[in-house]
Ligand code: NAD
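Next comes just one chain, in structure tokens: the form predicted alone.
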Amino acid sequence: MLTESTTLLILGGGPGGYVAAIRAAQLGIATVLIEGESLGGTCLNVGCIPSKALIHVADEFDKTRHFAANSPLGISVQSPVIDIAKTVQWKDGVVAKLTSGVALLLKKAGARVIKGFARIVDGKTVEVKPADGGDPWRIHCEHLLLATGSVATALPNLPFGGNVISSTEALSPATLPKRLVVVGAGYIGLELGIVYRKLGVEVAIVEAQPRLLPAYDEELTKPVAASLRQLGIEAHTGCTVRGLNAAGNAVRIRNLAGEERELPADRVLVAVGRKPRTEGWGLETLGLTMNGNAVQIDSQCRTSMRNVWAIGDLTGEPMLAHRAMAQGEMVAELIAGKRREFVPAAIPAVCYTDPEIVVVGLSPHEAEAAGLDIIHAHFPFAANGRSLTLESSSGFVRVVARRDNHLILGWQAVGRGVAELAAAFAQSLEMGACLEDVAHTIHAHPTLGEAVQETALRALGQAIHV
């Protein structure tokens, strides 16, 4: 068996793994990255990027249908149709462009990429089986970085297969079903449910919790719930899934009162979450300390074994690509001898529903639960000129700050296009900004960002436009 050695060996070429490889190579560290499938991981191939591509297509198609129904903008078109095969082809083209770009960046930095499947022998040795079926070989390393990501969670009574699909299959449909049932009303389920509805599919969503998007506070989710009703999406909250009916063409659900009913379905999307990818590559041989089903790490992404590191979804929540990227960059710099620690003031999270939701830092409830004396305020997009020109008046921006010194603790927003406010929100927390810092910064007019300034002004009792 052939053997070779390297300083840093990375398992997984997703956002965390490839960023770690690029940064390490830039710093002169001999780096090998092993990826069995496509570079970019779940996010780039079957997650963040393709879902946003389909969201864009669905929005554009929905607009044209709106224009075909006597739009108040004075635009009219003939009744539009969707060619889903061409849509998927375009989406795949976007993904291919980005994955090839990642490969070029890795090559430019000097990181070696091996397409194959890894199995850990010990903390310093990994056996690699090439994806092309060639003979396996062993790679020895000084540092081992685990970045294997996550997988979709299945339901015992609704296993994947046939017409029961995960988000992966939902992002590459060969055809559009007439009726789709989505199990799980988190951000993945709602994003894809809205996409399919805008493409003309009848959609029903089932959620075990009492309301949609249970990870977000109710004030933020109300505009989304209203949008679902306007789109004609059925929402069945407080209901558990019992499985398919005998014919396999309907989902059996039960509400809190014990009443059962069937929801007709040509296709069923199970989107009840994701779990760390811990199986199939020999993780158990290391005997690492675990945190539930995730690998436990410290503030430098070190595991319980010396020179074995872990980043991204493998280490649990929040399972966000940008968290993994930041962790990967940090680990590379630590290995290079730099002083780093992963202690972000906040990690932004965006839900690309219609309307979008963005949260950074603490909500009012979270701050109060932590025993903090706070002030909070919100500014409605109904009073924002740019929002009205986008035919959108629902939603708001909300800020949370300490009462004594006005230090900003958190931002939340719901509305059209608010995802682009995430950078300003996160930056204000990282820089330790106070309400006055934001309120006295001149914001461009007319922009959605003005709502950020207006929210800070309102928290200070100096509201101008509301």
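One rule holds for the numbers: they count along the sequence shown, beginning at 1. Worth saying up front: this structure is predicted, and the values here are computed from it rather than measured.
In what follows, reference is made to the form predicted together with the ligand, a form of this protein that is not presented.
Exactly one of the stretches 76-84, 273-281, 297-305, 260-268 approaches the ligand in the predicted complex with heavy atoms within 4.5 Å, and it is 273-281. Of the residues given (Leu320, Ala131, Leu231, Ala250), Leu320 alone sits with a heavy atom within 4.5 Å of the ligand in the predicted complex. This chain is drawn without the ligand; in the predicted complex, the residue among Val95, Leu144, Leu244, Cys351 with a heavy atom within 4.5 Å of it is Cys351. In the predicted complex, the ligand sits within 4.5 Å of a heavy atom belonging to Lys52. When the ligand is considered in the predicted complex, Gly361 lies well away from it, no heavy atom lying within 4.5 Å. Trp90 falls outside the set of residues with a heavy atom inside 4.5 Å of the ligand in the predicted complex.
The closest heavy atom approach of Gln209 to the ligand in the predicted complex falls within 4.5 Å. Contacts between 166-204 and the ligand, taken as any heavy atom within 4.5 Å in the predicted complex, involve Val183, Gly184, Ala185, Gly186, Tyr187, Ile188, Gly189, Glu191.
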